[in-house]
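The chain below stands alone and is given in structure tokens; this is the form predicted on its own.
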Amino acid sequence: MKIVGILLILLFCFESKSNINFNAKSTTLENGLKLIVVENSRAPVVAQMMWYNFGSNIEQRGKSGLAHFMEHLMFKGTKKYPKSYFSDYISKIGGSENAFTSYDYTAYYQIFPKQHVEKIIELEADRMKNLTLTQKNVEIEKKVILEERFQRIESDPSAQLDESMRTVLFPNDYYGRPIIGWKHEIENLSFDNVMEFYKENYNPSNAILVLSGDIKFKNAKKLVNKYYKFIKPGKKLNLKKLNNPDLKTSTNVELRNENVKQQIWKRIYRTKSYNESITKAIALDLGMKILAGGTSSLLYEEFVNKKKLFSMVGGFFQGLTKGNGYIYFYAIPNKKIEQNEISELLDKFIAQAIEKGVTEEKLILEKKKYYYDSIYGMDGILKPAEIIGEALTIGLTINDIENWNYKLDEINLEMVKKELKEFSKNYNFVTGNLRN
């Protein structure tokens, strides 16, 4: 399974001169399950995504990793369809599947030939409430997850540094805990912990089912109602947002590891999200792309191409979150440079770039990229289900998605610079340095 802080590019952004939209149709069953359908008959294929409105955000303190653990266990079968029946069926019909856990949501998806849509809907509904687990398969899967943590984090100094930096930056909420969980807490998770989590949270009231591809809304509604209407609604989650205290001190984190071959400088800022303001977040995202997004960015041109101080430098904004968003920067020096020297170089350049480097021409180019990317995303089978599901689970609406183009059109250079200047005065950040 893959864990994602799910960093989806906003492929649903486009200019209003384009009349492209998802034309998503929706309904809500009596038990609270939301159904979204995006019809696309270009190919005889359907994508199903089940989005649960929770991830590691609902874990009790001391039980980190439980949401991700549960994601793994959802593939263990039910009484009617035991063991790996679901996965074997997907493989047999030439389909594909996967799942991921984030801080704010958990999702399961399948892509398959359209003639199998009823069976796939039935199988997903069945495991929502009929999962059968044993002490043995819980313990076996725990070992798998501990090995996954070892491979992803404990054997990767860069990932360890990120984990430490987030703990400092988000001291008061779940964004400061690793999605996979702390090793000592994973080891203590029990069969009873898992079953309680499953029974309490896996229900229609906390779920959004998105079907995208060669399926009509009328047929989808009929099939979903057939297999889900008998599942009782559960307690709907109503999480209160926890605010983090402002960082009053300059916070630097350094990790030394003898296996590190090349120094890496990092910085993570705590910032706004799309939930706070879609328009302001789009402006910030566009500004960050101009400033630090890829090999055409201002940072890359200055420090890689011209001055040749770094082999890589860049950054991005992630605002598709229920709570705070964040901005992430990184730089890989060609030779050893002190952490504070890198920080001063980048801070000084960013301030200058906001004033003189972020231009109307560059903004127009970034808007065009959003537009062309949206066409590609619209034409896919899985991408609409990903975009819609993520947006809804973090608190946006279908109306927000379908009218994103109008928000994008409102963005001008003054708005972009305003958001970048606000970011440059943000002292809620942690700087990290990885070296041997």
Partner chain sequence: MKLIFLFFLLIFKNLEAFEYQNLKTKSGIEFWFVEDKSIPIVSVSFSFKGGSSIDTSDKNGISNLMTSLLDEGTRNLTSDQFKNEMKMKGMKLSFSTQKDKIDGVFQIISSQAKEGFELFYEAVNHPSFNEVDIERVKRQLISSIKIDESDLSTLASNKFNYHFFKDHVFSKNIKGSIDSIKNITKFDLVDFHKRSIARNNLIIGVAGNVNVSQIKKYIELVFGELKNNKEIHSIQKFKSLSIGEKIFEMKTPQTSVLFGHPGLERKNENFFALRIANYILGGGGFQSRLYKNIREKKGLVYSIYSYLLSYENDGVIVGGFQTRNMSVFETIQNVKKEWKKIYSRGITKQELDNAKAYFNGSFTRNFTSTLSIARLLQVVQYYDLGANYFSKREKIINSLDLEKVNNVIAKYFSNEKLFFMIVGQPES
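Positions refer to the first chain, counted from 1. Just so you know, these numbers come straight off a predicted model, no measurement behind them.
This protein has a second form, the form predicted together with the partner chain, left out of what is shown; the following refers to that one.
S.K.: If the criterion is a non-hydrogen atom within 4.5 angstroms, does every one of 44, 373 and 406 touch the partner chain in the predicted complex?
M.R.: Per the other structure, all of 44, 373 and 406 touch the partner chain.
S.K.: Please identify, from 165-173, 351-359, 269-277, 142-150, the stretch that has a heavy atom within 4.5 Å of the partner chain in the predicted complex.
M.R.: That would be stretch 142-150.
S.K.: Considering 219, 135, 84, 188, which brings a non-hydrogen atom within 4.5 Å of the partner chain in the predicted complex?
M.R.: Here the answer is residue option 84.
S.K.: Just one of 250, 98, 244, 130 has a heavy atom within 4.5 angstroms of the partner chain in the predicted complex, so which one?
M.R.: None of the others qualify; the residue that does is 98.
S.K.: Does residue 328 reach the partner chain in the predicted complex if we count a contact as any heavy atom within 4.5 Å?
M.R.: No, residue 328 stays farther than 4.5 Å from the partner chain in the predicted complex.
S.K.: At 4.5 Å between heavy atoms, is residue 302 in contact with the partner chain in the predicted complex?
M.R.: Although the partner chain is absent here, residue 302 would stay clear of it in the predicted complex, with no heavy atoms inside 4.5 Å.
S.K.: Quick one: does residue 259 come within 4.5 Å of the partner chain in the predicted complex, counting heavy atoms only?
M.R.: Because a heavy atom of residue 259 falls inside 4.5 Å of the partner chain in the predicted complex, the answer is yes.
S.K.: Residue 340 near the partner chain in the predicted complex, any heavy atom under 4.5 Å?
M.R.: Result no; residue 340 lies far from the partner chain in the predicted complex.
S.K.: Who in 286-321 is close to the partner chain in the predicted complex, meaning a heavy atom within 4.5 Å?
M.R.: If the 4.5 Å heavy-atom criterion is applied to the partner chain in the predicted complex, 286-321 yields 295, 296, 300, 301, 304, 305, 308, 311, 312.
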